[in-house]
Structure formats: C-alpha cells, structure tokens
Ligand code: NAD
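Given as structure tokens, the chain that follows is alone and in the form predicted on its own.
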C-alpha cells in the first residue's frame, strides 16, 4: 500500500474500497479506518471491533483495521484535535467508523463531529431507529418504531454562520438587515447575536435523493419531508418544494404524492412505488408517538433532524443504543450518537451496543447484508437473554450485569454459533 502518513500505519494486508460509476467497490479484505474516540470510546471502540471482526469472518471476509486519531488521542500524538492524517485517511479509504468525540472549549472547532462531516462532505446523517427485543422503553409498544431518519448535515443553522453580540461583524449584519433589507422593526434593541440559515436546492435535493433511493432499495413505503415551511417559507418551505421536485424529476415512475395516491390509486400505492409526503416538524414530533407505524423514512433539514432523531431514539430505549452514520457520495463514516461520558472512561462498564450497531450500518453500506444481519440478531439475542451492561441490567428483572468486554465477547460467541 503506497499511502504515507505521519504517525499512523496503513495495514500491510488488505485492499482499498474504491468508488466507480456511483457505487462503492468493496473487496473481501477492506482496510477500514477506526477512531476509538474520547472518554468511553476507549471501551466501546475495541468492543465494536471484536463484534464486527466476528461477523466479517463468519461470512468469509476480513476487516483490516487502520487506527486513526481525533480528539484527545490526536492531541497526544499531533498536538491538535483533528490532524490532516486522519482526514486524509478517512477520505482515501472511504468507509470508516468512529466513537464519540468531545470538542474541548476553545479548541477552534464548534464540534469535531461537524468538522469531520464538513471536511469529507458527509451530507446525510442516517439514523435507523428500531427496537431490539428486551430493551426497556418508555412507550407501550416500541416495536412499532421502525424509521430511518435522513438529516441534512451541512446547512441550516448548523452551517456556523453566526455573529457574536457586541462585535463589529454583528453590527454590520444588523445594519444591512435593518437599513438595506427593511427589517427595521424586527430586532429588539440592545445586544443581539445573529445567525444565518442557508437551505439550498443543491443540498436539499442530494439529501432527498439519498432518502428515496434508500426507501426504494429497502422496500420502504414512504418518504416524509419534515419541515417548518408554514413559518420559514423561503428556507424550510423551499426544502419541502425542492424535495417534491426531486421526486418528480428523478423518480417519476417510482414515487407518488399523497394527493396522487388517492386521486389515481385509491389510496393503495402500486408495488415498488414510494409515497412522498410532508409534515410540519412540530406535528411530526407528535405523530412519531401517536402514529408511529405510519412512517418509514424521514428526510429533514439539519435542526429538525437533530430533534426528530433523538425523539425517535427515546422510543427504542435511548441514545445509548441508537446507531448512526454519516453518508456522502462514495464515503461512509459510521458513528454512535451518544456522547463520550468521560467519567466512565476505562471502567469497562458502558453499553457498546450503539457503536456495534453503527458498525452494522457500515456493513450494510459495504454490501455485507449477511454480516449485518448476524450483528443485529446476536445483539438482540444477547439483550433478550438479560446478560447485559449495567444501564439495562438495572431496568430489567432478573438481569445479569456484564462488563463492556464481556458483553461484546458473548455477542461474538453468538455470531460464531449462528455462522
């Protein structure tokens, strides 16, 4: 392997994942970069590796791990939080996985996670939300929750275009808004912070394209555009309109709107056709509780996606078990959605399920559905057996508490038994 990096080693064995004609080309022995992460990443990272190794080997493949660094471990090696080595490796090898990262105060990044998404143009945050049997949930029937959230990753108020109160920059923006644009009675007197909310046709359509393609490939019935366009007509309203445009332009034979569904098909979509609909964001927060089984795939601007993904995750047992991944054109960075919980670091006690199941998304994106199914089935069987980490053990009657490493080791055994 010809790649050279300052302080990370490329495995001697293994092959690169490549990208040709809009598709990942995946060898049976890919090199996969991994960032263990900060805090509990030291525990959940190795645990996830062991489970993903077992699933790959059980299906006749091999993962060649390439350890790369961000956050605290990067500061120790590089004296910076996000070295070029790491970004270059994730870019070159295309498919990777990371644990939780903590952005230190004053470190120069609003968020290391956001910085990685922007540098690699990972524009879709994908969060499958499904219940595993045996996981305690606050809702009566958590099995009804089976959604996949596509959250736009690069725009909206997360774009980072903000101006601090009291600065010359915010004064310039305020002057322009009030004097040039005529909003002279909108902003209250006194100090003000101002942010800009960009929603573009380009960013919207590539996200909605990903969501519709996923729905078609995975036999999902609907894609719902979640927005606040009734108030923010030219940003989130545009997101809705551009989403419908994309469906009509690129999938005219494979999608219908709700109106077309009833006007032309008597409420029954033809086989292989996805219904594209939209919902107001605050109403959608209600409907994921009251009409959970009516939704399959959600496509949302950045802020709505943040709220809706976490709200959906609560119904299946919380963020400690919720997987995620960031997707771009020809690139995947899987990651759990929980934080780094530094007070538990190195104690071998936390639940690694979220990172393991994020690895399951990675396996699916590699095209290794058989390995991905092994991971899900083994994790669910382990939890159903009530041999679990402390967070679940304390909530279930008759549970047996295991360390992080013990929990992962027993999942590996279940995979090997099923192979």
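Residue numbers count along the first chain shown, from 1. None of these values were measured; they are calculated from a predicted model.
Omitted from view is the form predicted in complex with nicotinamide-adenine-dinucleotide (NAD), to which the following refers.
In the model of the complex, no heavy atom of residue 358 sits within 4.5 Å of nicotinamide-adenine-dinucleotide (NAD). Residue contact check for residue 344: one or more of its heavy atoms lie within 4.5 Å of nicotinamide-adenine-dinucleotide (NAD) in the model of the complex. For residue 319, a non-hydrogen atom is located within 4.5 Å of nicotinamide-adenine-dinucleotide (NAD) in the model of the complex, even though that partner is not displayed.
Among heavy atoms of residue 65, none comes within 4.5 Å of nicotinamide-adenine-dinucleotide (NAD) in the model of the complex. Between the options 71, 243, 301, 100, the residue in contact with nicotinamide-adenine-dinucleotide (NAD) in the model of the complex by a heavy atom within 4.5 angstroms is 100. Distance criterion of 4.5 Å from any heavy atom to nicotinamide-adenine-dinucleotide (NAD) in the model of the complex singles out 337 from the list 288, 135, 337, 247. With nicotinamide-adenine-dinucleotide (NAD) left out of view, the stretch that reaches within 4.5 Å of it through heavy atoms in the model of the complex is, among 387-395, 28-36, 57-65, 366-374, 387-395.
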